[in-house]
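Shown here is one chain on its own, the form predicted alone, set out as structure tokens.
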Amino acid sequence: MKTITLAATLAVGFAAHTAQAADKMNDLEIAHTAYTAGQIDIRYAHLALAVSDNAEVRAFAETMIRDHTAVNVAAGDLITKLKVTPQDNDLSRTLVKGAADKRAELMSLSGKAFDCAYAQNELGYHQVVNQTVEGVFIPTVTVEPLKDLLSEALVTFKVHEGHAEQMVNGLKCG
């Protein structure tokens, strides 16, 4: 229950902060935030590989590393091509702080408790990130190649959300 509450709190805070900041974020801040979100999920996945013995959790974590790394590499290539520098911002910093707190919580768990906490966090994280990318970032971005990258990534991230939901159900996390 503590995990669900923390995930919900982080999700609500992220969503509220995103909605509040959306009109003020420029493309470079959105790019930074999207990249940061991907890096956070990669770190969660590495933690899952270090802690979990569950084959489904480990396979999901490997998928997160592969897919989020690929998107972040594409983002890096785009930034290089456009000759711009992403801008750190309040939302990126909020994500990093929330992720540090969540990682500390996850690191204190093991076995099924860890697996369920990781799976529930991945589900909540992808739900919020997907809503933000689709409802805020894509409509706000003005640079077409960045909009295209976010749109393509969203397709993959929605698959991740479905996979995370199946993982939560399969683990019977209740």
Partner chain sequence: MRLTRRQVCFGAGGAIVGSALPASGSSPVVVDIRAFAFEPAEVTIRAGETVRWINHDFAPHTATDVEVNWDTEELEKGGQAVIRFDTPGTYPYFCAYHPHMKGVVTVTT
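What you see is a predicted model, and the numbers here were worked out from it, not measured in a lab. Residue numbers count along the first chain shown, from 1.
As for the form predicted together with the partner chain, it is not shown, yet the points below apply to it.
Just to confirm, with a 4.5 Å cut-off on non-hydrogen atoms, which of Val51, Leu149, Leu28, Val143 contacts the partner chain in the predicted complex?
Result of the distance check: Leu149.
Can you confirm whether Asp41, Ala100 and Ala104, the three residues that make up this candidate site, all sit within 4.5 Å of the partner chain in the predicted complex, judged by heavy atoms?
Spot residues vs the partner chain: no contact at all.
Evaluate Ala70 for contact with the partner chain in the predicted complex, applying a 4.5 angstroms cut-off between non-hydrogen atoms, and reply yes or no.
Yes, Ala70 is a contact residue.
Check Arg66 for me: does it contact the partner chain in the predicted complex (non-hydrogen atoms, 4.5 angstroms)?
Looking in the predicted complex, residue contacts with the partner chain include Arg66, since a heavy atom lies within 4.5 Å.
Though only this chain appears here, would Ala153 touch the partner chain in the predicted complex if you measure heavy atom gaps against 4.5 Å?
Judged by the heavy-atom cut-off of 4.5 Å, Ala153 is in contact with the partner chain in the predicted complex.
Tell me, yes or no, whether Ala74 is in contact with the partner chain in the predicted complex, where a contact means a heavy atom of each within 4.5 Å.
The answer is yes: Ala74 has a heavy atom within 4.5 Å of the partner chain.
Could you tell me which of 30 to 38, 134 to 142, 115 to 123, 58 to 66 sits within 4.5 Å of the partner chain in the predicted complex, going by non-hydrogen atoms?
Careful reading of the contacts points to 58 to 66.
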